[in-house]
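Single chain ahead, by itself, as C-alpha coordinates, in the form predicted alone.
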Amino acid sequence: MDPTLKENDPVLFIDRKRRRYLKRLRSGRKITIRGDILADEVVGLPEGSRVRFSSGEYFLVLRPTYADLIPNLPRQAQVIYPKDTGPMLLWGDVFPGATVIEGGIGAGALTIALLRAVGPDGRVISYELREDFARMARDNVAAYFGDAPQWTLKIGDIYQGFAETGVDRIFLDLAEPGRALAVAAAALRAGGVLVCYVPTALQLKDTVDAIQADPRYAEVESFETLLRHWQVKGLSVRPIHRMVAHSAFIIIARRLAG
(Lines give C-alpha, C1' and ligand atoms only; values in the text may rest on other atoms or scores of the structure.)
Protein backbone atom coordinates (compact mmCIF):
# COMPACT_ATOMS: atom_id res chain seq x y z
CA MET A 1 0.00 0.00 0.00
CA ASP A 2 1.14 3.52 -0.78
CA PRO A 3 2.22 5.08 2.55
CA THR A 4 1.08 8.53 1.43
CA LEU A 5 -2.11 9.72 3.14
CA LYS A 6 -4.88 10.49 0.68
CA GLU A 7 -8.16 12.39 0.64
CA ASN A 8 -10.99 10.45 2.38
CA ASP A 9 -8.54 8.14 4.17
CA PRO A 10 -9.57 7.21 7.70
CA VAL A 11 -6.68 8.13 10.02
CA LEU A 12 -5.82 8.06 13.70
CA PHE A 13 -4.43 11.11 15.42
CA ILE A 14 -2.49 9.90 18.47
CA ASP A 15 -1.45 12.32 21.20
CA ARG A 16 1.53 12.07 23.58
CA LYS A 17 -0.58 10.07 26.05
CA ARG A 18 -1.44 7.60 23.27
CA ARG A 19 -5.07 8.65 23.15
CA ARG A 20 -6.55 7.90 19.74
CA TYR A 21 -8.93 9.99 17.65
CA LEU A 22 -10.41 8.47 14.50
CA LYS A 23 -10.99 11.05 11.72
CA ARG A 24 -11.37 11.19 7.94
CA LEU A 25 -9.32 13.41 5.63
CA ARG A 26 -11.95 15.44 3.79
CA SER A 27 -10.62 18.18 1.54
CA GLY A 28 -11.39 21.73 2.66
CA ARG A 29 -12.49 20.71 6.15
CA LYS A 30 -10.96 21.31 9.55
CA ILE A 31 -10.08 18.49 11.91
CA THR A 32 -10.70 19.51 15.51
CA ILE A 33 -9.36 17.68 18.53
CA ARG A 34 -7.60 20.14 20.83
CA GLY A 35 -7.03 22.88 18.33
CA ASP A 36 -7.52 22.59 14.58
CA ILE A 37 -5.68 21.51 11.47
CA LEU A 38 -6.86 21.54 7.85
CA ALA A 39 -7.20 18.08 6.32
CA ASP A 40 -5.39 19.43 3.27
CA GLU A 41 -2.27 19.90 5.42
CA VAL A 42 -2.28 16.19 6.24
CA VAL A 43 -3.11 14.81 2.79
CA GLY A 44 0.11 13.95 0.97
CA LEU A 45 2.14 13.26 4.12
CA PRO A 46 3.52 9.76 4.67
CA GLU A 47 1.98 7.62 7.40
CA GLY A 48 3.86 8.00 10.66
CA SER A 49 4.24 11.78 10.30
CA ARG A 50 3.72 14.15 13.22
CA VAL A 51 1.50 17.17 12.65
CA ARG A 52 1.04 20.34 14.69
CA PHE A 53 -2.43 21.60 15.56
CA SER A 54 -3.31 25.27 16.11
CA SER A 55 -2.98 24.70 19.87
CA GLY A 56 0.70 23.85 19.39
CA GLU A 57 0.15 20.19 20.29
CA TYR A 58 1.68 17.51 18.06
CA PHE A 59 -0.13 14.35 17.00
CA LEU A 60 1.17 11.20 15.32
CA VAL A 61 -0.89 10.32 12.20
CA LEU A 62 -1.40 6.70 11.10
CA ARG A 63 -3.97 4.76 9.15
CA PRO A 64 -5.87 2.59 11.65
CA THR A 65 -5.24 -1.12 11.79
CA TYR A 66 -8.30 -3.33 12.16
CA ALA A 67 -7.64 -3.53 15.92
CA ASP A 68 -7.47 0.27 16.08
CA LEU A 69 -10.57 0.78 13.98
CA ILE A 70 -13.16 -1.48 15.58
CA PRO A 71 -13.35 0.07 19.09
CA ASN A 72 -13.81 3.48 17.42
CA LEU A 73 -16.32 2.34 14.78
CA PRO A 74 -19.61 4.31 14.73
CA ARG A 75 -22.26 1.95 16.09
CA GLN A 76 -25.64 1.51 17.72
CA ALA A 77 -24.95 -1.98 19.07
CA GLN A 78 -21.96 -3.72 20.64
CA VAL A 79 -19.34 -4.73 18.08
CA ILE A 80 -17.40 -7.99 17.97
CA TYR A 81 -14.01 -6.94 19.30
CA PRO A 82 -10.71 -7.82 17.58
CA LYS A 83 -9.73 -10.24 20.36
CA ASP A 84 -12.72 -12.36 19.29
CA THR A 85 -12.63 -11.66 15.57
CA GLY A 86 -9.18 -13.21 15.13
CA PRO A 87 -10.07 -16.56 16.73
CA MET A 88 -13.43 -16.59 14.93
CA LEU A 89 -11.71 -16.22 11.55
CA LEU A 90 -9.10 -18.86 12.39
CA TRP A 91 -11.35 -21.45 14.06
CA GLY A 92 -13.94 -20.70 11.39
CA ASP A 93 -11.22 -21.33 8.80
CA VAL A 94 -12.19 -18.45 6.53
CA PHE A 95 -10.02 -18.60 3.42
CA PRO A 96 -9.53 -16.51 0.26
CA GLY A 97 -12.29 -17.30 -2.21
CA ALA A 98 -14.71 -18.64 0.42
CA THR A 99 -18.45 -18.00 0.34
CA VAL A 100 -19.59 -16.87 3.79
CA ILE A 101 -23.00 -16.03 5.27
CA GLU A 102 -23.14 -13.59 8.16
CA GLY A 103 -26.32 -13.66 10.25
CA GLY A 104 -26.71 -10.44 12.25
CA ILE A 105 -24.53 -7.55 11.14
CA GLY A 106 -24.44 -5.00 13.97
CA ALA A 107 -22.12 -2.15 13.00
CA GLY A 108 -20.33 -4.15 10.31
CA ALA A 109 -17.16 -4.89 12.29
CA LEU A 110 -17.15 -8.61 11.49
CA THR A 111 -18.27 -7.85 7.95
CA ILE A 112 -15.09 -5.86 7.32
CA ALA A 113 -12.95 -8.70 8.70
CA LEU A 114 -14.77 -11.28 6.56
CA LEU A 115 -14.39 -9.18 3.42
CA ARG A 116 -10.68 -8.88 4.04
CA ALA A 117 -10.38 -12.63 4.69
CA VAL A 118 -12.30 -13.89 1.64
CA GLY A 119 -10.61 -11.42 -0.68
CA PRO A 120 -11.85 -10.19 -4.05
CA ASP A 121 -12.61 -13.72 -5.28
CA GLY A 122 -14.75 -14.64 -2.27
CA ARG A 123 -18.27 -13.70 -1.34
CA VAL A 124 -19.90 -12.43 1.85
CA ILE A 125 -23.70 -12.40 2.22
CA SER A 126 -24.96 -10.55 5.30
CA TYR A 127 -28.49 -10.87 6.67
CA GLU A 128 -29.88 -8.26 9.07
CA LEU A 129 -33.42 -7.80 10.40
CA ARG A 130 -33.08 -4.15 11.46
CA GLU A 131 -32.83 -1.58 8.70
CA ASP A 132 -31.10 0.97 10.96
CA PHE A 133 -28.32 -1.53 11.76
CA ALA A 134 -28.01 -2.41 8.08
CA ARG A 135 -27.77 1.26 7.11
CA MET A 136 -25.00 1.93 9.64
CA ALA A 137 -23.10 -1.21 8.62
CA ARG A 138 -23.34 -0.20 4.96
CA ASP A 139 -21.96 3.24 5.79
CA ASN A 140 -19.13 1.78 7.89
CA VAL A 141 -18.09 -0.72 5.23
CA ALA A 142 -18.07 2.02 2.59
CA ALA A 143 -16.13 4.43 4.81
CA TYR A 144 -13.60 2.09 6.40
CA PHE A 145 -13.26 -0.75 3.88
CA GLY A 146 -14.19 0.80 0.56
CA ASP A 147 -15.84 -0.70 -2.50
CA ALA A 148 -16.96 -4.27 -1.81
CA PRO A 149 -18.52 -5.80 -4.94
CA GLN A 150 -18.15 -9.23 -3.30
CA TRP A 151 -20.58 -8.21 -0.53
CA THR A 152 -24.37 -8.56 -0.52
CA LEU A 153 -26.49 -7.13 2.30
CA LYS A 154 -30.03 -8.46 2.70
CA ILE A 155 -32.79 -7.28 5.02
CA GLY A 156 -34.65 -10.27 6.38
CA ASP A 157 -35.43 -12.62 9.25
CA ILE A 158 -32.59 -15.10 9.56
CA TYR A 159 -34.82 -17.66 11.24
CA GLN A 160 -36.91 -17.84 8.07
CA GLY A 161 -33.98 -19.25 6.13
CA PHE A 162 -31.20 -18.32 3.71
CA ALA A 163 -31.60 -18.17 -0.06
CA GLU A 164 -28.08 -19.57 -0.60
CA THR A 165 -26.95 -23.21 -0.55
CA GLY A 166 -23.53 -24.85 -0.62
CA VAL A 167 -21.80 -22.05 1.29
CA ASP A 168 -18.48 -22.68 3.01
CA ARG A 169 -18.97 -20.88 6.34
CA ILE A 170 -21.81 -19.37 8.39
CA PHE A 171 -21.37 -16.87 11.24
CA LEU A 172 -24.32 -16.25 13.57
CA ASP A 173 -24.35 -13.29 15.96
CA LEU A 174 -27.87 -13.84 17.31
CA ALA A 175 -29.66 -14.06 20.63
CA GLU A 176 -30.82 -17.62 19.87
CA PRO A 177 -28.55 -19.27 17.30
CA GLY A 178 -29.94 -22.68 18.29
CA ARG A 179 -33.17 -21.71 16.53
CA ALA A 180 -31.25 -21.20 13.28
CA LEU A 181 -29.53 -24.60 13.11
CA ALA A 182 -31.93 -26.05 10.54
CA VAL A 183 -31.69 -23.08 8.17
CA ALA A 184 -27.91 -22.99 8.62
CA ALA A 185 -27.66 -26.71 7.82
CA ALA A 186 -29.70 -26.18 4.65
CA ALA A 187 -27.28 -23.49 3.49
CA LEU A 188 -23.94 -25.05 4.56
CA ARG A 189 -22.07 -27.51 2.40
CA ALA A 190 -20.89 -30.82 3.87
CA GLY A 191 -17.78 -30.14 5.96
CA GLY A 192 -18.67 -26.45 6.25
CA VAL A 193 -18.08 -24.57 9.50
CA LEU A 194 -20.74 -22.94 11.69
CA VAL A 195 -19.55 -20.18 14.05
CA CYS A 196 -21.88 -18.81 16.76
CA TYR A 197 -21.22 -15.83 19.02
CA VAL A 198 -23.23 -15.42 22.25
CA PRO A 199 -22.58 -13.21 25.30
CA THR A 200 -24.01 -15.18 28.26
CA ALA A 201 -23.38 -18.57 29.82
CA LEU A 202 -27.04 -19.52 29.51
CA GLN A 203 -26.94 -18.77 25.77
CA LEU A 204 -23.75 -20.82 25.54
CA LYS A 205 -25.40 -23.84 27.18
CA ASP A 206 -28.60 -23.55 25.14
CA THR A 207 -26.68 -23.25 21.87
CA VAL A 208 -24.23 -26.08 22.54
CA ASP A 209 -27.04 -28.36 23.76
CA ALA A 210 -29.01 -27.64 20.59
CA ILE A 211 -26.01 -28.31 18.30
CA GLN A 212 -25.09 -31.53 20.11
CA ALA A 213 -28.67 -32.76 19.79
CA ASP A 214 -28.71 -32.05 16.04
CA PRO A 215 -27.38 -35.02 14.00
CA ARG A 216 -26.35 -32.68 11.16
CA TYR A 217 -23.46 -31.27 13.22
CA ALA A 218 -20.39 -32.62 15.00
CA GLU A 219 -17.00 -31.52 16.35
CA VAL A 220 -18.47 -28.87 18.64
CA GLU A 221 -16.05 -26.56 20.44
CA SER A 222 -16.76 -23.59 22.71
CA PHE A 223 -14.38 -21.08 24.25
CA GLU A 224 -13.80 -17.45 25.17
CA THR A 225 -10.75 -15.26 24.72
CA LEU A 226 -9.15 -12.99 27.31
CA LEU A 227 -6.76 -10.17 26.43
CA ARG A 228 -4.35 -8.62 28.93
CA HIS A 229 -1.88 -5.92 27.94
CA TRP A 230 1.44 -5.40 29.74
CA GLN A 231 3.22 -2.21 30.69
CA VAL A 232 6.92 -2.20 29.84
CA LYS A 233 8.62 0.99 31.05
CA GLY A 234 12.22 0.62 32.12
CA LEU A 235 12.30 -1.75 35.09
CA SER A 236 8.52 -1.59 35.50
CA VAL A 237 7.23 -4.70 33.72
CA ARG A 238 3.77 -5.67 34.89
CA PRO A 239 0.30 -6.43 33.61
CA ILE A 240 -1.94 -3.42 33.07
CA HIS A 241 -4.59 -3.29 35.78
CA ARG A 242 -7.50 -3.11 33.33
CA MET A 243 -8.01 -5.91 30.82
CA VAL A 244 -10.49 -6.97 28.18
CA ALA A 245 -11.86 -10.06 29.86
CA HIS A 246 -15.16 -11.71 28.97
CA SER A 247 -17.04 -10.33 26.00
CA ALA A 248 -18.76 -13.38 24.52
CA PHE A 249 -18.46 -17.11 23.88
CA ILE A 250 -17.43 -18.55 20.51
CA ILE A 251 -18.97 -21.84 19.43
CA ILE A 252 -17.67 -23.84 16.46
CA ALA A 253 -19.31 -26.84 14.77
CA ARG A 254 -18.93 -28.79 11.49
CA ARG A 255 -21.71 -29.67 9.07
CA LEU A 256 -21.90 -33.40 8.38
CA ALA A 257 -22.75 -35.05 5.06
CA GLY A 258 -26.30 -36.26 4.50
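One rule holds for the numbers: they count along the sequence shown, beginning at 1. Owing to the predicted nature of the structure, the values given are computational and were not obtained by experimental measurement.
If you look for the form predicted in complex with a small molecule, you will not find it shown, but the lines that follow are about it.
- The closest heavy atom approach of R135 to the small molecule in the predicted bound form falls outside 4.5 Å.
- At the 4.5 Å threshold, heavy atoms of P71 stay clear of the small molecule in the predicted bound form, well away from it.
- In the predicted bound form, at least one heavy atom of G156 sits within 4.5 Å of a heavy atom of the small molecule.
- Residue contact check for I105: one or more of its heavy atoms lie within 4.5 Å of the small molecule in the predicted bound form.
- For the options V141, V94, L110, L188, the residue carrying a heavy atom within 4.5 angstroms of the small molecule in the predicted bound form is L110.
- The single contact residue among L181, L89, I80, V167, judged by any heavy atom lying within 4.5 Å of the small molecule in the predicted bound form, is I80.
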